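Quick heads-up: it's one chain on its own, the form predicted alone, in C-alpha cells.
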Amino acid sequence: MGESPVTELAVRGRQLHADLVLDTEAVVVGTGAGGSIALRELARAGIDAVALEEGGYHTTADFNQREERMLALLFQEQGGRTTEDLAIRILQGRGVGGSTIHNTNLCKRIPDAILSAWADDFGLGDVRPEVLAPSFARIEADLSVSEIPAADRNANNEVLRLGAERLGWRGGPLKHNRVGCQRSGFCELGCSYDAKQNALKIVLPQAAAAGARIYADVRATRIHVEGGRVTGLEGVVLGENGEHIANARIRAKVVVLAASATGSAALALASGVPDPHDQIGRGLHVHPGAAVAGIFDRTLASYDGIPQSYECTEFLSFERGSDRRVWIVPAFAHPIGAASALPGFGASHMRAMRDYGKLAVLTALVHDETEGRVVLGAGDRPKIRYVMNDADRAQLGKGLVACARILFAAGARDVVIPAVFPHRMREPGELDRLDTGFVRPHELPLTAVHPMGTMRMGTDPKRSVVGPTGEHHHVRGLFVADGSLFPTSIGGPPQIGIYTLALHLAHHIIARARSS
C-alpha cells in the first residue's frame, strides 16, 4: 500500500459525537515506542489497523515549556504517579507518542549480555544479539540516531565527564534521536522545536500515511476473549477534561497491548485474561534512582543545553547478581522540580535555590533485580507494588557515593545527598565514613522512569505471559509490544529496545491478523 501525506494525525475524543464503534482487523492499545511501530508495520502490510491512546493528541505548538502545564499534560496522573507505598515517584508518558514525547532521547541498544541471558534463561533464542542486530539498525536509521557531539555537551555533562576522567573511571558519550536540536534544555516537557525524531513525529505519521487510524482520548477498559481467541475490546471516550463522553467498542481478531508495563498489565488483569500461573503483573523492574547535587563556585547553568549527553559506566555490568549494577548520568531539573527535590525549608531552602545556577546534579540508577508487581487499584487503574530489596539498596548506596566522588573530583565545593535528613559534605574524605543506611523507603527521594516486565516473554508459561512471538500463551491473537515483554531489567534507557522488539515481532502479529 502506498503512503500519502497526513494532515491530521489523530482524532480527538471531543471530536467524536457518538459511540466509537469499529470493525477492524487489528487494534493497538497505546501509541508510544512499541505501539507506534506495531501500528506502522500492520498498516504497511495492508492490515486494517486502529490505535487507541488514553491520553490527548498534542502538537509542537502545545509544548510551551511551562512545568506546571506540561507535567500535568504529558505524564500519567499529572506527574504524581508513585508506588503503592509512596516511596518511589514513577514518571510515565500519556498522550499520542507516549513516553517518547517527554524522554531525554537517549538511544542505547539492549546490551548483548542481557539478550544472551534472555535466550539462555527464557528460551528466547530469536533475540540473540546477532539475530536482533538488523532490527536495531533499522530502528536507528528510522529515528536518525547519532552520537551527541562533544560540542553540544552542556556544563552539567562536562562535570560528569571531567570528574569520571580524573578518577580514571569508565565513561563516554551517549547517542540520541534529535535532528535540528536548539539545545534549549526542555526535552522532558516536549520539544517546542520539533527536533525529537520520536513516535509522534516519525513513526505515527508513517502509520497514518499507510492507512492506520489513531484515536486519542480513548481508554481501553476490557479485552474480549471467546473460545481461547481475542475478539476485540471495549473502552470509554474521554472529553477535554477527562470526563466520560461516549463508549468505544472495537471488533478485531488481533489486539496488541502497548500501553506500558503498568498499563498493559492492568488492562489484562481487569479483563480477566487467562492467567493460570498467576504471571500477569509480576516481574516489574523500574531502574530506581536518586540524585546527588554538587555546588560549584562558578555558574554552570546546568538547565541549559541537552540534558544528558555523557554516561559513567564504571559500576555497570550485566551478569546476574553482580555487585556493579549502577548507571550514572546527569539529571538536572527545572526550577519547580529542583525546588521539590532540594532539602530544607524557609530561609535555608531559599539559600539553596539561590545557588541553582551553580549546581550540577548526577543520578545513580540501579539495574535492579528487585521484582515488583502491578495489581489493580481503584477504577481498575494500575497499582504499583515495589520495595527495593537489600542488594539493590546497597547498589544505590554505592552509586550515590560514586556520584559524590565524581562531583568532588570535578571541583564541587559542597556535595549534598538530598535525603530526608540531608547529607552535606565539604571534602571527599567524608564519603569514607558515610553510612548509606538512609537508602530505604521514605528516607531518600526516589524516582523511576523505566517500568518494564509484568507480561514477560518466554517459552515457559509458568514463568512468562507471552511466547517468543509476543503472543499470549493462552489467548490466540493477543500480543504484547512494549516494555512489558522484558524478562529482566536492562540497565539503561529502554526506548530503542522497545521500538526494536516491536519491529522484530511485527511479522508474527501481521501473520495472525491475516489468518482466518
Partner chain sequence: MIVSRRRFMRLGIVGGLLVGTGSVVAFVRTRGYVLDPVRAGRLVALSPWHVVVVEHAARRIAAADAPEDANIPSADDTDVAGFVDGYVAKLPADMRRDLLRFLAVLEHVAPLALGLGARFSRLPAADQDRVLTSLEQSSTLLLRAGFEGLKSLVFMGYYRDPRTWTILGYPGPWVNRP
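Positions refer to the first chain, counted from 1. Bear in mind that the values here come from a model prediction, so they are computed numbers and not experimental data.
What comes next is about the form predicted together with its partner chain, which is not displayed.
Enquirer: Find the only residue in 72, 179, 131, 162 having a heavy atom within 4.5 Å of its partner chain in the model of the complex.
Expert: Selected residue: 72.
Enquirer: Of the residues 354, 426, 433, 298, which one places a heavy atom within 4.5 Å of its partner chain in the model of the complex?
Expert: That would be 354.
Enquirer: In the model of the complex, does residue 277 come within 4.5 Å of its partner chain, counting heavy atoms only?
Expert: So residue 277 does not count as contacting its partner chain.
Enquirer: Residue-level contact is defined here as any heavy atom of the residue lying within 4.5 Å of its partner chain in the model of the complex; does residue 343 satisfy this criterion?
Expert: So residue 343 counts as contacting its partner chain.
Enquirer: Looking at the partner-bound form in the model of the complex, is residue 315 within 4.5 Å of its partner chain by any heavy atom?
Expert: Residue 315: no contact with its partner chain in the model of the complex.
Enquirer: Determine whether any heavy atom of residue 213 comes within 4.5 Å of a heavy atom of its partner chain in the model of the complex, and answer yes or no.
Expert: No - in the model of the complex, heavy atoms of residue 213 and its partner chain never come within 4.5 Å of each other.
Enquirer: Which is the contacting stretch out of 95 to 103, 191 to 199, 163 to 171, 288 to 296, given heavy atoms within 4.5 Å of its partner chain in the model of the complex?
Expert: It is 191 to 199 that comes within 4.5 Å of the partner.
Enquirer: From first to last in sequence, which residues of 362 to 387 have any non-hydrogen atom within 4.5 angstroms of its partner chain in the model of the complex?
Expert: Residues within 4.5 Å: 378, 381.
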